[in-house]
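Consider the single chain below, provided in structure tokens and representing the form predicted alone.
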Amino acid sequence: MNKTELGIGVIGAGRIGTLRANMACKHPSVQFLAISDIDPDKSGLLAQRVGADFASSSNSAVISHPEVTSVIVSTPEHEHVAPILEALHLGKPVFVEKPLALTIADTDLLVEAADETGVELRIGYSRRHDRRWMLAKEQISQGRLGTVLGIQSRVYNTRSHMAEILKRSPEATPVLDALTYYVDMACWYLEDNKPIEVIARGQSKVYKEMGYDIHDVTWAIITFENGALVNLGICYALPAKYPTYGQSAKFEVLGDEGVILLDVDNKDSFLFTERGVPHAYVPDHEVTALFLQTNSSGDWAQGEYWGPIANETRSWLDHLATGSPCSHTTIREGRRTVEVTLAIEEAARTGRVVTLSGR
């Protein structure tokens, strides 16, 4: 098998950018690694830790570097557009953290640029690379459920975790930042069956008292063109020290010939310790009780990172190096998910039914 040597530019040296850089530096096809961050101390420190070849406080310096052949955009959500456009116009494939963008206008700008340049752009919905979700997709692809009639899912997390997300990106609501995973998953499982309508309701108390104009709880029903119904719910307002590192979810796929039930609360993996456990996402936050494996990106264990982010990153690098197929969200799938999540927000805010474009 022919393998292409890779030069990877990681844009953003935050939590996820750090994980991507750690995966990239160990991949056998990565011969050059560059890191950028608006904070030069962060980019320099990360570059030192992973043995990167180049570090800068300028995104452009990394994206345009002649040794960089592909770019990973791990900036806050509202800062995705500029580095993606620059990389696409330089002919460098892009992998960007979810969601693709926070507005339809920005999303369509990126779709147009990808079409115009013909350069590959994929979005990091890491749930696709969790073994449970991937196995579920395989059963659906093999036809073992028959026709999918409906999907029901809900995801919970703590208000302390959401507060950290809002610090990073004030426009990233629970729906746009977290429920987006489950919109992507539902649409992936209902491939070639377009969402056409959204009904949603939301409730606000906890975040309103904190000064944020977002919902504590949101429930939505999405209708697909063949009549399939998807019921998605989110509550990112659980008490601050509820024992989860991240997303606690359930996901049920109902077919006319079978059913898949995914229990991702991870209550079967429980830790209690009087010594306290540092929170994976919230600085200076410790819990004494924890459902292990609830960190949706994965976990460090025995000096290695294990889980969806690791699987997803390695799969992307394998794809670039060998041309092997990959399951990462495509540009049009990413656009569709942005449209659906924005429609959920609009429907919850207005109480109206929102019709989708069908794109």
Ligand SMILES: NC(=O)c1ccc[n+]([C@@H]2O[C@H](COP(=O)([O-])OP(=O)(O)OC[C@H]3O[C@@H](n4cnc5c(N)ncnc54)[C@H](O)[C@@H]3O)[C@@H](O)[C@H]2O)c1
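These numbers were taken from a predicted model, which means no experiment stands behind them. Numbering starts at 1 and follows the sequence shown.
Another form, the form predicted in complex with the ligand, is not on view; read the next lines as being about it.
- Taking non-hydrogen atoms only, Gly124 approaches the ligand to within 4.5 angstroms in the model of the complex.
- Though the partner is left out of this view, Asn59 does reach within 4.5 Å of the ligand in the model of the complex, counting heavy atoms only.
- Proximity of Tyr242 to the ligand in the model of the complex falls outside the 4.5 Å heavy atom cutoff.
- In the model of the complex, the ligand sits beyond 4.5 Å of every heavy atom of Pro278.
- Note on the interface: of 176-184, 147-155, 253-261, 225-233, the segment with non-hydrogen atoms within 4.5 angstroms of the ligand in the model of the complex is 176-184.
- Only one of the listed residues (Lys42, His27, His328, His319) places a non-hydrogen atom within 4.5 angstroms of the ligand in the model of the complex, and that residue is Lys42.
- The single contact residue among Gln293, Ser297, Thr69, Ser315, judged by any heavy atom lying within 4.5 Å of the ligand in the model of the complex, is Ser297.
- Within 4.5 angstroms of the ligand in the model of the complex, the stretch 68-82 places a non-hydrogen atom from each of Ser74, Thr75, Pro76, Glu77, Glu79, His80, taken in sequence order.
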